[in-house]
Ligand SMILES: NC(=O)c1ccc[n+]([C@@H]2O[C@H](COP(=O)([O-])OP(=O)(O)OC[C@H]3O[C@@H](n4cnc5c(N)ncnc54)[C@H](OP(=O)(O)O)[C@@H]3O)[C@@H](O)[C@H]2O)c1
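This document opens with one chain alone, in structure tokens, the form predicted alone.
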């Protein structure tokens, strides 16, 4: 299953939507959950050209070379510690975690300070050596991603210290029609892209909308 894409937290809204979109694009996906039976249940509800399998988090993380982590910030550290032994050298871990204040009972339009600088940098400190972290999907609505009748028309900003890793993740995400991946720079800039989630939530609340981000003026090959 080396070619499979693992999605940890795949039973949540963002992970499930991503799994469904990638399966429609013909990619094999492995959903991970703390409850393997729950993962299998969700996997069986997703159809597409690609296969979708549900396993425990640790088993899912061992299934492929690219692992998406789509969990709440409060679950990020425990989840990464749970799957650490399943991550091999050369694995790319895509962290979609956002340190929203909702994790401590605060409003969704506010983010928490993270000692390492960002949730993605915290992830980098928790994974084994040889695992590359890419931050992304922070401005993509989980609801819209999971609404397969909705045509996406937006960008996602990817940050990492490894540009080759960004390119590999972009190749996968660009399989989703209407979703374009942008190389936004080094991992330290994830602090900015994570905070954009709170900004988008504020815009959506004020305008009763479900918005996305589009970067203009780029060369099509960017």
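Positions refer to the first chain, counted from 1. Small disclaimer: the values here were computed from a predicted structure and weren't measured.
Omitted here: the form predicted in complex with the ligand. The next part is about that form.
K.L.:
Please tell me whether any heavy atom belonging to residue 209 falls inside 4.5 Å of a heavy atom of the ligand, as the geometry stands in the model of the complex.
P.N.:
Contact with the ligand, no.
K.L.:
Wondering, does residue 132 line up within 4.5 Å of the ligand in the model of the complex on heavy atoms?
P.N.:
The answer is no: residue 132 has no heavy atom within 4.5 Å of the ligand.
K.L.:
In the model of the complex, is there a heavy atom of the ligand that lies within 4.5 Å of any heavy atom of residue 94, even though the partner is absent here?
P.N.:
Answer no; every heavy atom of residue 94 is more than 4.5 Å from the ligand in the model of the complex.
K.L.:
Can any non-hydrogen atom of residue 86 be found within 4.5 angstroms of the ligand in the model of the complex?
P.N.:
Judged by the heavy-atom cut-off of 4.5 Å, residue 86 is well away from the ligand in the model of the complex.
K.L.:
Tell me which stretch of 86-94, 122-130, 107-115, 138-146 has a heavy atom within 4.5 angstroms of the ligand in the model of the complex.
P.N.:
After filtering at 4.5 Å, what remains is 138-146.
K.L.:
Within 4.5 Å of the ligand in the model of the complex, heavy atoms considered, which of 191, 27, 168, 34?
P.N.:
Looking at the other structure, the residue within range turns out to be 34.
K.L.:
Could you list which residues of 4-20 come within 4.5 Å of the ligand in the model of the complex, counting heavy atoms only?
P.N.:
If the 4.5 Å heavy-atom criterion is applied to the ligand in the model of the complex, 4-20 yields 9, 11, 12, 13, 14, 15.
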